[in-house]
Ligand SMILES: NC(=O)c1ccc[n+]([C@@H]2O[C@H](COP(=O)([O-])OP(=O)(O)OC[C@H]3O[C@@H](n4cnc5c(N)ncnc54)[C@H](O)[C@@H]3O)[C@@H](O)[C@H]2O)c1
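Take a look at this one chain, the form predicted on its own, written out in structure tokens.
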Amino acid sequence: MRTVRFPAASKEYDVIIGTGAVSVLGTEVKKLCPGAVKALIVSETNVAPLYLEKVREEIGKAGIETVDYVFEAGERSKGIEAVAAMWNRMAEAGFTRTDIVVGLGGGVTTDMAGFAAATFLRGINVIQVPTSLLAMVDASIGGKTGIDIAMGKNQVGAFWQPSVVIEDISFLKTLPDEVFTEGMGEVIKHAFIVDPVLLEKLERANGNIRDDEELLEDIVAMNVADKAGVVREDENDNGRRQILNYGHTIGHVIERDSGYTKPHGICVAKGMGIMIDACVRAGTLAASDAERMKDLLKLYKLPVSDDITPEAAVKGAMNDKKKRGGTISVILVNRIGEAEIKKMTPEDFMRFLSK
């Protein structure tokens, strides 16, 4: 078991990673939230039957009463109705500002649990217990919370850092193969934008990391440290943190246009593949690097293309959070391990994608 300190400016906290890490949940709650009397455990229909009772038990060791909210699994549940139900559940149970929310699940769960905590009584503590690879390396850390609306993904939300994140590697054993593969989209993204050492480790593993708990723990910890290093400089996403959106500008449009039936990590992989090809056509990314990047995505069974048109991609991007005024913040990787933010008008972005 290892601990990565997440140094957000508004609130530093630990990310505890390892097999059996959930066993420290009660101790951490008692230490970090000594005034807590009640906890709302937010989970979903796939995860709750597996881990809800264990999390209840661990929180109970801290002498805290638990209340549950379990929603239907999937991105389609990620809306205001579910969060409003969480607010009501806490209000009915008499929660106060010293009580807590615990997010137990994947990225949809941790986003909504964080948003419910950020907004109930103008902010109470949240503890994240991610159960998917994507949530461990990305969604549960960094403090971004939110919900989707018809016009786009994560359009409503708040920055709200957790008190602690507990990442139990053993939880990944129960993930369906396709859900584990989806998480690799975010893992590989970090390798492309800031971490060539991670990229080399993934290449050496030859696509086989799931059954090696020690290697998996190491890879998860590297990803958490990578994201921490970026967020340290720009917690509120106004500068360097935007490089974490590599592949997302187009990926979010693909995801939204599918009615959220296509998994987030798969859409991000497609977005990265499209950007890799565009950079090669623009002459800014070496063909050898592009081939290496796409080979790694394919090695971990991720797609590298989509039939979205440049027109649809640009139109969708204009409704995304990455838009600033009349420009779009487009994230480029022209050298492995180095990402840059390039401001483009819609016309510039169309030309870039259409070359």
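These numbers were taken from a predicted model, which means no experiment stands behind them. Residue positions are given as counts along the sequence shown, with the first one as 1.
Another form exists, predicted in complex with the named molecule; not displayed. Remarks below refer to it.
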Margin query: Given that the named molecule is not shown alongside this chain, does residue 162 nevertheless sit within 4.5 Å of it in the predicted bound form, heavy atom to heavy atom?
Written below: no
Next item on the list: Tell me, yes or no, whether residue 106 is in contact with the named molecule in the predicted bound form, where a contact means a heavy atom of each within 4.5 Å.
Entry: yes
Note to self: Taking the named molecule as it sits in the predicted bound form, is residue 46 in contact with it (heavy atom to heavy atom, 4.5 Å or less)?
What the structure shows: yes
Notebook entry, point to check: Taking heavy atoms only, is residue 153 within 4.5 angstroms of the named molecule in the predicted bound form?
Noted result: yes
Notebook entry, point to check: Of the residues 235, 75, 277, 226, which one places a heavy atom within 4.5 Å of the named molecule in the predicted bound form?
Noted result: 75
Next item on the list: Decide if the three candidate residues 131, 171 and 179 all line the named molecule in the predicted bound form, where lining means a heavy atom within 4.5 Å.
Entry: yes
Check: Can you pick the stretch from 49-57, 289-297, 310-318, 32-40 whose heavy atoms fall within 4.5 Å of the named molecule in the predicted bound form?
Finding: 49-57
